[in-house]
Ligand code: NAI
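The chain below stands alone and is given in structure tokens; this is the form predicted alone.
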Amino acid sequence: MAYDVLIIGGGPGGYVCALRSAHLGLRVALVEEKELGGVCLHWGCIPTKALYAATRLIHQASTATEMGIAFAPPSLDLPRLAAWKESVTARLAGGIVDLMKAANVDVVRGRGRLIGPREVAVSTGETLRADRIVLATGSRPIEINGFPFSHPRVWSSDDALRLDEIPQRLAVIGGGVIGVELAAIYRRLGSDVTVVELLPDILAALGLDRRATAVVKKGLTLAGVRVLNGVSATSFVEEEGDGLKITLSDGTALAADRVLVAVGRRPNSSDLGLETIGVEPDRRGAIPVSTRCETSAPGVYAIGDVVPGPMLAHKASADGIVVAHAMAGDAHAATPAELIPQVVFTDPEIASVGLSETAARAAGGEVAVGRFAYAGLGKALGMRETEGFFQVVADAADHRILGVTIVGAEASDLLAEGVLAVRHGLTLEQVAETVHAHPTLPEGFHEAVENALGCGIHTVKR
């Protein structure tokens, strides 16, 4: 059967592209070998955030006595928690299936592989043809030497999110987003957690200012997570019972019951048949594309984790929208990487968009920087969430906002105003002149903007 558009991969890039393409009047088929929603919905973003919210209740209950409220120590029903987490993903996945049916998108179950510029072979034996093809095959966890995922005591992030057990001692290799998020979750669940990071600091790949990562690292430490920077894990041996002895690059050893390898993800570009259309991935496996996500093969597009850039679900979805409109004749460029918001669900949360102060100064221009601490907000005090700060970076000449960083409670939600400001080039004055409700957390962004202008009401002038 022939289609206008054929998409391989039903994750947040593929299914969004399919729906928008159908809305624009194109006849669409989507090939997916697993569940619609992809890694984000089933083995990443959604289950991680569900567990983040659930385990945060444990911390809140344990510290409520300072408000005069006492709870009995919580008991953990692991199978029930796992079932609840699965119910969240199942409900969302069911919604995607319904949307596909309503949009008349043909969902083909199986693994798709290119066999030419306009043809895809499905593992079921079917051959599909389309005028345009979109590769949205996502990514997979990276395996490192000495720690094979085939070993029952070595976990990938997929394994960790199954919630089969809570190890007494968990070693996390990798201090990036996945590593620190799962470290925080398992610490709340009762594991003794150690994070091993080769680089000098955690979250180093995000390009954040040091003061931002310092607050998050402090939060992990206060929660009881041990963070080892500047070392790597080289090998492990099994000990009697259920334990492991992990050898570190500095010659020391780390005892653990399970080890979670979270050093990043690799694009799923192998065995896609790219050679049949003359496309070669880069050394990381990413497929090179234009600013409109088109590969070097005319009519073949690639989006999301399988192309260069941040591996984020919302970036993949944005790519999918760009491609859908391009295929319908309404072409516009994808959003630049620096305008893609990024969020880390630690305690406190960290969220940013645009340039950090360090990056802005390195670019050579004069900048104006404003900050405001969570501890200065009445709402934050009432919530017992005083750790963190709001930061805004602007061009010193025209006051155009270049970057926003928020570290603290609900930073993931609070960043939206900053994303709009950076994306549309709003000035400090435009935000400062906008009345923010009181008492709320978004007041912190307003206060940081006024601080950058030198007219902050609740900031001591120096």
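Please read all numbers here as calculations on a predicted model, not as lab measurements. Start at 1 with the first residue shown and count on from there.
Here the subject shifts to the form predicted together with the named molecule, a form of this protein not shown in this document.
Can you pick the one in R265, R113, K85, R169 that has a heavy atom within 4.5 Å of the named molecule in the model of the complex? By the 4.5 Å criterion, the partner-contacting residue is R265.
Which of these residues, F236, Y186, W155, F345, gets a heavy atom within 4.5 Å of the named molecule in the model of the complex? Comparing distances to the named molecule in the model of the complex, the residue within 4.5 Å is F345.
Pick from 323-331, 113-121, 76-84, 194-202: which stretch has non-hydrogen atoms within 4.5 Å of the named molecule in the model of the complex? Going through the listed ranges, the match is 194-202.
Is it the case that G138, even though its partner is missing from this view, gets within 4.5 Å of the named molecule in the model of the complex, heavy atoms only? No, G138 is distant from the partner.
Using a 4.5 angstroms cut-off on non-hydrogen atoms, would G176 count as touching the named molecule in the model of the complex? G176: contacts the named molecule in the model of the complex.
Using 4.5 Å between non-hydrogen atoms, is E349 touching the named molecule in the model of the complex? Looking in the model of the complex, residue contacts with the named molecule do not include E349, since no heavy atom lies within 4.5 Å.
May I ask you to state whether S232 is within 4.5 Å of the named molecule in the model of the complex, using heavy atom distances? Looking in the model of the complex, residue contacts with the named molecule include S232, since a heavy atom lies within 4.5 Å.
Whether K49, I144 and E181 all lie within 4.5 angstroms of the named molecule in the model of the complex by heavy atom: Yes: K49, I144 and E181 each sit within 4.5 Å of the named molecule in the model of the complex.
Which residues in 305-321 have a heavy atom within 4.5 Å of the named molecule in the model of the complex? Those in contact are M311, L312.
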